[in-house]
Structures are given as structure tokens and as C-alpha cells.
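Just one chain follows, in the form predicted alone, and it is written as C-alpha cells.
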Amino acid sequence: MKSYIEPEFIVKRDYEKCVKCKVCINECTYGVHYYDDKNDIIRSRDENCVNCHRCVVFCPTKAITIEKNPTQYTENSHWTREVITSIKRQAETGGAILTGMGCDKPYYTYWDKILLNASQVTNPSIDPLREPIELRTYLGAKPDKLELELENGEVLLKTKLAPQLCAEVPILFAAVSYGAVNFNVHLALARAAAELGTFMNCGEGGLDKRLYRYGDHIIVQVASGRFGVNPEYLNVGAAIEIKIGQGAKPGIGGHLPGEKVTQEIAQIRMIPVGTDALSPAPHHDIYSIEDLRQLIYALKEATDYTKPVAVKIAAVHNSAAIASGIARAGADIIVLDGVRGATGAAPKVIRDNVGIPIELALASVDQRLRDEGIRNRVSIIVSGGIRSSADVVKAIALGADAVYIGTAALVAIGCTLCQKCYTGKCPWGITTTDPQISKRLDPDVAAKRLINLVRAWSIEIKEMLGAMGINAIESLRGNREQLRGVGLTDTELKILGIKMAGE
């Protein structure tokens, strides 16, 4: 059957610059470029191009450019090219449209409508080059009060504290599972986390034993599929995260295609080679807050109450009520993943239409926990489209203790958001388990790039804190007086708990 779908991108080649070196052919994993030996020329199959830029970057003579296909349907603001193409694709395949990464719709970003305050005359700013500004963050349950006692002239802490994660920066690497990405990616994330004094989340695919030495900087995940979960795995990590949902696909399960399940991944996930790894939508032992409490304490018991336990949920309309239940169930950390959260594979209709923006969910959850007097019982980590140091600062002012970065971390090591992660053909060697393509990602180089990114953001965070006259990140948490909205409705301002710019 002839396809009615036109190429999304057009590959343009400057034949005066092209030396027919075939680098583009070797670098492209989608078969876009090919050599026409009859005419002694390199040509392109535009319909295969995903705009990953691999050929553009590696072309030695810079002969290649990629452009959006200029051919348009009749202009229509309702029946857009994306909508028409999706209908045609489903008419040809009869299946759900899959996509990777996060929601790309323009109307879910509130960070860009929130501004930060700055000190002027009455509250002097702080120069971070000359005065210390503290970014260290402790994640875990805090007591209602501290009891001290005097012994032999020394003041001692009498209150027993819950286990804490000590992060030198309020930025952690989000869950990306082994299988969705390859070992080199996990190794780079683990090395970077250790160097930075923060944490990486290994995701729901288990943890390669070669990374156990980085366990003090790894959060291990327990999802509905229980892939790779055993006592050794639970005890090697610094913390445990129960994954209930994620921002890219709230309410549905996970799926790792069988073609990505290699021998190594199969062994760690404890499934047969080449079989699809399916995570059920619900945990089949969790149907209530009481059930969740039972799992939380089972995991605490299995690790001798030495590790904080987090619960991750997607940002949905009743996140605040759910978060209250999670806090009362004994979790030490709540993880909120917003509608812009990314994934390796999700039905496009779910990714783009289910869930709510992280900014609104965060503000609602923080306020609900404060109103109930239990905010100290849990820390809050947010994720789902954190793009910059400014987003981090705004998230903390809205009530977060720290943030997860996933997409930003992958972009730092080469990702160009072509949204074809689910194919397993990632030209940058990131979301692939193909041994040859995976070699394209050098874990040493990737770790260095991740370290550079977080250190750069840390410098900027200190600059912003200094501009606000704040010398510790903990003094900013939930301090919404430092935020002002622009272009927001009264209802949005109320939910966010911030004032309009000028007030």
C-alpha cells in the first residue's frame, strides 16, 4: 500500500562540498543516506530522516543541512499538519502512535510566566564570589521538633533522625532504565552523580553489578514489573523509590520492546532474552494507601530502616490528596512528575493529553501538606521538563526540595529530541542497546559533560540566590514571596500561590 505521508524533513546536500566520504552513510542508523554507484553520488531517503543532526555534525565538509519540509497542507488552525499526518499514519498501520521524550505542546509551560524577585536597597544582595551560599540539600523525613541534652558539657541530639540523602546540589538525575538506555549512559550518570555529590536514579530496569560501587549515589527503583528487584539490589542503593506513575504516561504501564532486551539486560531484569518487558499499569499489590504503606515498610524492613523510601507519582488533578496519603503512609520523599516528563516510548495521545503541569501540581501539593501540618514529614522532588537553573530556582521557591533532570541530562550528552527513542536506533548511542551503536557514547566524555552542566547551573543558582539576598537554598524553599506571575489568570495565580508582577 502506497503511503500518503510526506517526509517531515528534507535533507539538503551541497554537492560542491560533498567529497563522497560516506561518513553520513556510516553515521545514520535510519538508512537515510545511500551511495548511488551508477551515478557516483550520495543520495538521501528523506522519508527516513528524523532530524537527529548526526550527519550534520559529523560531515567533515559541512555539506549537509536539514530543513522542515516546506510543503504544506491548506492552512487550517484546527486541522494542523500534525493532526492530518497522525490520522494518515493510523489509517496505514492500524495501531497507536508511539513517541519518545516529553510533551512538545506549547501551552503547558508555566516557568516562563513566573519571575524571580531581586534585592535592592533595603535587603542587600549577596556576592557569591565573596560570600558562601549553601546549596546542600537533605532529602528525607524531618522531625516535628529536636530534643537536645547536655552531657559532660556537650550538647547532644536526643531526637532520632530518619535516614537522609545529602545532595551537594538540589539537582538529581532522573530515572532512565537500563534497556531504555545502555550501560554507557548509566555509567556516565553514576560517575557524574558521584563526582557532584548528588544522585542518579537507575529506573525500573534493575542495576548492572558493575555500578554497585557507585551505590552511595544511586536511587534504586521498584516498579510494578519488579524487574531486577532483590535484597542485594535494594541494599546497594542510597534510597529506594516506588514508582507508581510517571508524567509521560500517567495511569498506564511501561513497555520495553523485545528487540532491546539483550543478554545483559535480560539477566538483570530477570526475563528471557528478546521478550517484551511489560510493566503493568497498577502494582498488583497496591490498591489503597494502606497497601502502599505495607510496601513502604516492607522495603524499610528489608533494608533495616537505613534508607529513605520515596514514592513517585504522575502529576494529576488530585495529586495533593494523594501526596497527603503518601506522607501519612510513611514515605520519606514524594516525587512528582509533570505532563512534560519524558520517556523512551509512550502512546502519543497519552503523553500529550493526560496529566497536568508540574508547576500547578507542586504548588498544590506543597500547600496541602503545609495546611495539614505534615510538610516536614516528607521531602518533595519534582521532574518533568526542567530545562535550566532558573527552572530549578522557581521550583524550589514553589515548594520543592530538589529536582530531577532527565531530558536535560540526555541533551547534555548528545540527545537532539528527535523523539524516536522507541526504535532503538538512536544515532547518538543513547536510547539504544545495539552494541555497535552504543559504542558511540563515550562514558568518560558523557560524564564530563554532565558534570559541566550541573556545575554551570550551580553557579547560576548561586547568582540568583545572591541577587535575592538569600545565602542558603533551604531558605528559598516554599518562599513564594520571591515569585511573581506575568500573563496569568487570577485562578492560576491562586493555585500557584503567587502574586501578580507589580504587587
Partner chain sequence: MNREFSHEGRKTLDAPGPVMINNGVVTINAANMHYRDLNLLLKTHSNLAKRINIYNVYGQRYIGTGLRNNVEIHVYGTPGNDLAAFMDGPTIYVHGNAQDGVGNTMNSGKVVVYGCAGDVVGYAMRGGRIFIRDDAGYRVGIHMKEYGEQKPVIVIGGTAQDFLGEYMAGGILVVLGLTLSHGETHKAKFVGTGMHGGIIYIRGQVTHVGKEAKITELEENDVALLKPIIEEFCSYFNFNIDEVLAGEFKKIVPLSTRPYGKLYT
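Numbering follows the first chain given and starts at 1. Everything numeric in this text was worked out from a predicted model, so none of it was measured.
The following text describes the form predicted together with its partner chain, which does not appear among the structures shown.
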So its partner chain isn't shown here. In the predicted bound form, which residue out of A320, V229, L135, V411 has a non-hydrogen atom within 4.5 Å of it?
V229
Candidate from P250, P163, P128, P357 lying within 4.5 Å of its partner chain in the predicted bound form - any heavy atom:
P163
Only one of 363-371, 106-114, 73-81, 305-313 gets a heavy atom within 4.5 Å of its partner chain in the predicted bound form; which is it?
305-313
At 4.5 Å between heavy atoms, is M200 in contact with its partner chain in the predicted bound form?
no
Is the gap between H283 and its partner chain in the predicted bound form 4.5 Å or less for some heavy atom pair?
yes
A238 versus its partner chain, in the predicted bound form: is there a non-hydrogen atom within 4.5 Å?
yes
Can you check whether N152 is within 4.5 Å of its partner chain in the predicted bound form, heavy atom basis?
no
Does any residue in 211-225 get within 4.5 Å of its partner chain in the predicted bound form, counting heavy atoms only, and if so which ones?
D216, H217, S224, G225
